[in-house]
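Next comes just one chain, in structure tokens: the form predicted on its own.
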Amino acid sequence: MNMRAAVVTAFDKPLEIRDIPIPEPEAHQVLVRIEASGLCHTDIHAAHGDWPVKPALPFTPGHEGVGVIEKVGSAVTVRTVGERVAIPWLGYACGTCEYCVSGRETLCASQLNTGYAVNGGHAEYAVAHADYVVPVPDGVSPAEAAPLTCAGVTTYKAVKVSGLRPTERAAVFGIGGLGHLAQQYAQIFGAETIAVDITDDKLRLAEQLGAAHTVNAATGDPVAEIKALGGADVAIVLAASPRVLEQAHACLRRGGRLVLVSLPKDNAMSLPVFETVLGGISVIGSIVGTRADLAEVFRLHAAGRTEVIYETRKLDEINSSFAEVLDSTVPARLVFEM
């Protein structure tokens, strides 16, 4: 039998919607019938070959796939047919290296990433390693679970590694698919939040979600405005611009923590050494969270602690959806419904 899948055939061409055979799960894999698959900016970078290590062509992107298990491989004991699961970015890790055994599996040098090293969720079916899919709780819809599978767990992890404490001030740079969730997690941790963006619509969304302060970086000076509030204890950067990274650093109080999440294409930022050393500033790189982090993200959402802002699209609209994300015309997240 065949399925429809979005396939990258060349880095300089639009994706093609192809009819291809439904994959058979190998011994340690599950076959998942995809119900919803979230669109992440990383999918666009992958499809365009933007990063130094490029995916092997052809491939299907997508690392926010959510669906129901229809088949299990012969060696699978941890998952069952009929379970709803999420297929995250971390598609596989070795399980034995120092990072895996110390709860830092997303640093494993042998990891395989979904929608990059292995085919992803922008398709009607996908296979995934049974140990690395994460069950979706009852009451969490596939369309909401999909953005949480990357945007949610990535920003939740960023807040965790920042060491954010109750009553501290947290600035979130970039209120979109990731930022609207980062703000909510910071508030769950007890922070006073500052939302920074360049569009009024995104800032209105941040206010609706509980931001204590908003700053329009297109019409004002975010450093001056945040310093006038007393500075930020934590700045989480989700906008892929070196200038934004530098602004976030400059807005910090003494002892502040700068958390880098976004990946600027030119792979560089200017760091003032004197201010960093004398101000006791920490610069922290934060990659996507672990399976345990994702389970926590799902539990928080099931408990009503977070709201996912998204719009749905059909898989046939994947190329126009890429354009929407690149043009910043999307309120937060796009989700393909199969």
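For clarity, every value in this text was computed on a predicted model and none was experimentally measured. Sequential numbering from 1, following the sequence displayed.
Separately, the form predicted in complex with a further copy of the same chain exists; it is not shown, and the next lines address it.
Trainee: I'd like to know if Arg104 sits close to a further copy of the same chain in the predicted complex, meaning any non-hydrogen atom pair within 4.5 angstroms.
Mentor: Yes - in the predicted complex, heavy atoms of Arg104 and a further copy of the same chain come within 4.5 Å of each other.
Trainee: Report yes if any heavy atom of Pro137 sits within 4.5 Å of a heavy atom of a further copy of the same chain in the predicted complex; otherwise report no.
Mentor: No.
Trainee: Could you confirm whether Asn267 comes within 4.5 Å of a further copy of the same chain in the predicted complex, counting heavy atoms only?
Mentor: Yes, Asn267 sits close enough to a further copy of the same chain in the predicted complex that at least one of its heavy atoms falls within 4.5 Å.
Trainee: Using 4.5 Å between non-hydrogen atoms, is Glu124 touching a further copy of the same chain in the predicted complex?
Mentor: No, no contact at 4.5 Å.
Trainee: So, Trp51, Asp131 and Arg253: all three within 4.5 Å of a further copy of the same chain in the predicted complex by heavy atoms, or not?
Mentor: Yes: Trp51, Asp131 and Arg253 each sit within 4.5 Å of a further copy of the same chain in the predicted complex.
Trainee: At 4.5 Å between heavy atoms, only one of the stretches 56-64, 277-285, 30-38, 309-317 reaches a further copy of the same chain in the predicted complex; which one is it?
Mentor: Checking each option against the 4.5 Å cut-off leaves 277-285.
Trainee: Between Thr80, Thr96, Gln208, Ser141, only one gets a heavy atom within 4.5 angstroms of a further copy of the same chain in the predicted complex; which residue is that?
Mentor: It is Thr96 that has a heavy atom within 4.5 Å of the partner.
Trainee: Would you mind picking the one in Ile226, Val261, Val244, Val85 that has a heavy atom within 4.5 Å of a further copy of the same chain in the predicted complex?
Mentor: That would be Val261.
Trainee: Could you run down 288-311 and flag each residue that has a heavy atom within 4.5 Å of a further copy of the same chain in the predicted complex?
Mentor: Residues within 4.5 Å: Thr290, Arg291, Ala292, Glu296, Arg299, Leu300, Arg305.
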